[in-house]
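First comes one chain, alone, set out as structure tokens in the form predicted on its own.
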Amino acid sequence: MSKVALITGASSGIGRELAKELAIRHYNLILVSRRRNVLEGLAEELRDKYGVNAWPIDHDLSDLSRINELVDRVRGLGIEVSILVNNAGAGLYGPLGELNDDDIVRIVSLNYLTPILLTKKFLPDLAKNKGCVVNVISLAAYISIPWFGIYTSSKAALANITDALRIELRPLGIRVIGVYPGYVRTNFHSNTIVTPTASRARDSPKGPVLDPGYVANKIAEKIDDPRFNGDIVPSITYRMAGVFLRILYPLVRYYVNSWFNKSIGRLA
């Protein structure tokens, strides 16, 4: 029987490309995001091109009160989840005093709490099928960025729970993979919620920009490798950056402080 992968944030970017990569490897797919029309088109493409089953589920993953509703919809399909990919995420950028309370709760829920709850809800399936959890995190988890702290701290928390669950779930035969991309060519930057003050000082992304298809391919390779139970940092440039971020954190913090002060100075 083909394995079933549930991918959140499947309508675009890494999630969409990963759906294609797993379909090539004959995984059946549960595609979750808010955009029903886009999901239906992707599901049809995967069925026609790769001969797999694909089920689109439109759902707002930032609403924790509806997590059980999503789980019930998956259960209603009569299938078991072998691979859970927690890919959905969003950014929030601006001074704390300007941030909307509901936006803060939504971003923390989407980036951190929803992956935990989905992992918990599907734990019986994952254990039965000796499955795999994939948490798409970010190298930003290792950088404390002013005005972007809600996002970076939620990703840091996700990194922490990913490491903890890798140890905790290993006796159940469940692998836990953390993915730490740098800048990827997706809609993330344009979709980030930005306050009025921050919009005046916002810079374009810096560093190499990765193709989402490349990142998805690296993830799919490790999902397909039953021996792999660790972290993925796509591209050698970002792997080196990740090492330096950990080792040279005081220097990184000094740089961030200097960068932030210059940004604020431009607004004066």
Ligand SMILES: NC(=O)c1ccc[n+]([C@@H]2O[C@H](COP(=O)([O-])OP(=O)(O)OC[C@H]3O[C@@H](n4cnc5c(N)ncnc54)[C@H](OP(=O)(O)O)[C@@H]3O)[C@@H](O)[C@H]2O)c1
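We number the residues from 1 along the sequence you see. All figures in this text were calculated on a predicted structure; none of them were measured in a lab.
Beyond the structure shown, there is the form predicted together with the ligand, which is absent from this document and is the topic of what follows.
Under a 4.5 angstroms non-hydrogen atom cutoff, the ligand in the predicted bound form has residue 184 among its neighbouring residues. Contact annotation: residue 92 falls outside 4.5 Å of the ligand in the predicted bound form, judged by heavy atom distances. Residue 14 belongs to the set of residues with a heavy atom inside 4.5 Å of the ligand in the predicted bound form. The closest heavy atom approach of residue 100 to the ligand in the predicted bound form falls outside 4.5 Å.
Among 177, 174, 88, 81, the residue placing a heavy atom within 4.5 Å of the ligand in the predicted bound form is 88. Of the candidate stretches 72-80, 118-126, 134-142, 163-171, only 134-142 contains residues with a heavy atom within 4.5 Å of the ligand in the predicted bound form. Contacts between stretch 23-37 and the ligand, counted in the predicted bound form as any heavy atom lying within 4.5 Å, involve 33, 34, 35, listed in sequence order.
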